[in-house]
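In structure tokens, the next block holds one chain alone, the form predicted alone.
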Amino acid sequence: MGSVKESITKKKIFEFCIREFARAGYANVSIRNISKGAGISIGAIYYYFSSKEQIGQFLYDKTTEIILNKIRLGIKKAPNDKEALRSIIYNLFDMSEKEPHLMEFILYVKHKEFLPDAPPICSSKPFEFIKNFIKEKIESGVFRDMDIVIASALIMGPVIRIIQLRMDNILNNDIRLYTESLLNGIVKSLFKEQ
């Protein structure tokens, strides 16, 4: 378990880097930039991270963990399968509204620049969790019998596209308002009976 000082330092690094990597790109942010922007000495940064790549790995792991926990908790609390889907959509839209830099980091930063061996984002833990949820619903007969990748695309494709439209300022409304209409389309596509 890390110390309070370590937690505060890592939180400052996370908050600065999540914004700057999304805004400027990983390659354009130096350790010196991180030091200045996060208000932490270069020595303190290297005390906790051996390289900028390790900071990138920390951001990737923390971000995917945040998203996974939000999705997992939403599904766990849902009283039925339709509400579980609503929860996935709403929580991703909610995070996009409340923590846009986090979603920009996940969707726009070129992770291969600093994580050459990392799986594509669509194979990260949150998306694998969603695929397993879908697989379970197909196997139990709730969802139509179809390829899991296609079923995942029917859910995540529109969700990610709406998030991108919001981040690109093409949609100016709070995207949480689109949860219900998107859910209705997904339900028609996936559920055997409605």
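The structure displayed is predicted, hence computed values, not measured ones. Numbers follow the displayed sequence, beginning with 1.
Below: the form predicted together with a further copy of the same chain, not depicted.
Engineer: a further copy of the same chain is absent from this chain, but in the predicted bound form, do 22, 182 and 186 each have a non-hydrogen atom within 4.5 Å of it?
Structural biologist: Every residue of the candidate spot has a heavy atom within 4.5 Å of a further copy of the same chain in the predicted bound form.
Engineer: Is there a heavy atom of residue 37 no more than 4.5 Å from a heavy atom of a further copy of the same chain in the predicted bound form?
Structural biologist: Close contact is absent here: in the predicted bound form, residue 37 is far from a further copy of the same chain, nothing within 4.5 Å, heavy atoms only.
Engineer: Please run the contact check for residue 135 against a further copy of the same chain in the predicted bound form: heavy atoms, 4.5 angstroms, yes or no?
Structural biologist: Although a further copy of the same chain is absent here, residue 135 would stay clear of it in the predicted bound form, with no heavy atoms inside 4.5 Å.
Engineer: Taking any heavy atom pair closer than or equal to 4.5 Å as contact, tell me whether residue 120 reaches a further copy of the same chain in the predicted bound form.
Structural biologist: Yes.
Engineer: Look up in the predicted bound form whether residue 153 has a non-hydrogen atom within 4.5 angstroms of a further copy of the same chain, and give yes or no.
Structural biologist: Within the cut-off, so yes.
Engineer: In terms of non-hydrogen atoms within 4.5 angstroms, which of the given stretches 60 to 68, 43 to 51, 158 to 166, 135 to 143 touches a further copy of the same chain in the predicted bound form?
Structural biologist: The contacting stretch is 158 to 166.
Engineer: Using a 4.5 Å cut-off on any heavy atom, which residues of 27 to 44 would contact a further copy of the same chain in the predicted bound form?
Structural biologist: The stretch 27 to 44, when checked against a further copy of the same chain in the predicted bound form, contributes 27, 28 at the 4.5 Å heavy-atom cut-off.
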